[in-house]
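In structure tokens, one chain follows: the form predicted on its own.
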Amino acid sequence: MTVSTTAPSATAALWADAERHLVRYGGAFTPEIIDRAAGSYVFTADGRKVLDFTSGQMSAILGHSHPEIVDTVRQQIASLDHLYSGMLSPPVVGLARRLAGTLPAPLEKALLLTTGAESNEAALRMAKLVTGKHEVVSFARSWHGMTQAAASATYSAGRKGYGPGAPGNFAIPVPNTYRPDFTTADGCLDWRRQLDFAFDLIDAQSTGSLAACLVEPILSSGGIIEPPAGYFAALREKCRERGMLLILDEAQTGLCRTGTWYAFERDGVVPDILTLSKTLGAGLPLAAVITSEEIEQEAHERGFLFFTTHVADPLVAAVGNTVLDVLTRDRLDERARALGEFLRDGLTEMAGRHPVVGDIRGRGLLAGLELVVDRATKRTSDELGALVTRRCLELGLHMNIVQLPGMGGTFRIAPPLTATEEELSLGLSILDQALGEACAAL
């Protein structure tokens, strides 16, 4: 039994202070005060143990407070935590070398930063400088970050009310096999025709300054949507025809979560620039931009500048090295594949009991479960998603649901790669119960 460490009066005071002093930055806060976290669980101030099926912000791939990460932070912060940004340290150089060793040629040059938005910002800045152009293409349900260039390439949320974004940003439709817009004679998604149509529109709008295409291999905020096999090879060809660089944002899919080290491995396509974040720091602020020697040299000769306070910080670089140690030693790519199959089997069984489960998708330990109120029409209900989310939390499972206009409610399921089958079974059982109770309450 978990013992509460915070008295009810103190919890009430925390909520009062939060309401008075915190800026709300993305909807309502989860109605719990979290006191600590360990492994696959977070523990609330009132003593509840909650299974975390989001790995924090889809980041803590080794679980919370992994002992080797804790040891690394303790040792590193006691010896070398932060430096002038022009100085180098062994953890930084070592992490860059080791990241290159996990990737296919020609990806071998790394820039170490802090967040996904920052890495995408740097990647776009590099692409614009190298190509001498400025226009950027992204998916219509994308999320790449909240800084200027990254936000301008983000279409899933946050575009209204902030004035103009960066000039020359274009959206292309998402190849969603569950909700196809361009269809074949049998009603399946005709993604080739969709992609041709998209770039016909891009060509019509472009001023002739197409610099880059920035996309996620699996769209997360867009509803765990995985483009069909062959799509990225065709997209890369569209980029090549126009002299554009292909940038893949693997913030959530990189480093074993999908069952391979990188999601792009499925397609046999190597990006010109790769961005990593979330999973690289296992919950700590670490990101990377990785590209070829040729692109890095061109950028350098043109005066590439991305000098920030926390570029190449040794503390988080040391954490990144430990992350690679654990991923490699424990073969967490293989574990993600096996646990992903176990999770999908459980979700498929659940779909047989609950008609509100419209679609199951994703790869490895990044799964999506889309809820509908009618499988035939695929009609959605915001109320249903909210009910299930709330009931899951009450029963001891934190789930994250995507609510976008026209998309419906899709649960993003991303447990740590260190989760056990027993923990996955517990989460499935709670979700099963929540679905049944929510449907009965509608």
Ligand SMILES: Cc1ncc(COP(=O)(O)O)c(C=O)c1O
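Just count from 1 along the sequence shown to find any residue number. Remember, it's a predicted structure, so these values are computed and weren't measured experimentally.
What follows is about the form predicted in complex with the named molecule, which we do not show.
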> Residues in which of 109 to 117, 90 to 98, 129 to 137, 233 to 241 have heavy atoms within 4.5 Å of the named molecule in the model of the complex?
Replying inline: 109 to 117
> Does S221 make contact with the named molecule in the model of the complex, using a 4.5 Å heavy atom cut-off?
Replying inline: yes
>> Would you classify G362 as touching the named molecule in the model of the complex, given a 4.5 Å non-hydrogen atom cut-off?
In response: no
>> in the model of the complex, is there a heavy atom of the named molecule that lies within 4.5 Å of any heavy atom of D272, even though the partner is absent here?
In response: no
> Quick one: is E216 in contact with the named molecule in the model of the complex, heavy atoms, 4.5 Å cut-off?
Replying inline: yes
>> By the heavy atom within 4.5 Å rule, which residue out of W143, F199, F264, W191 makes contact with the named molecule in the model of the complex?
In response: W143
> Looking at I290, A211, A251, A312, which has any heavy atom no more than 4.5 Å from the named molecule in the model of the complex?
Replying inline: A251
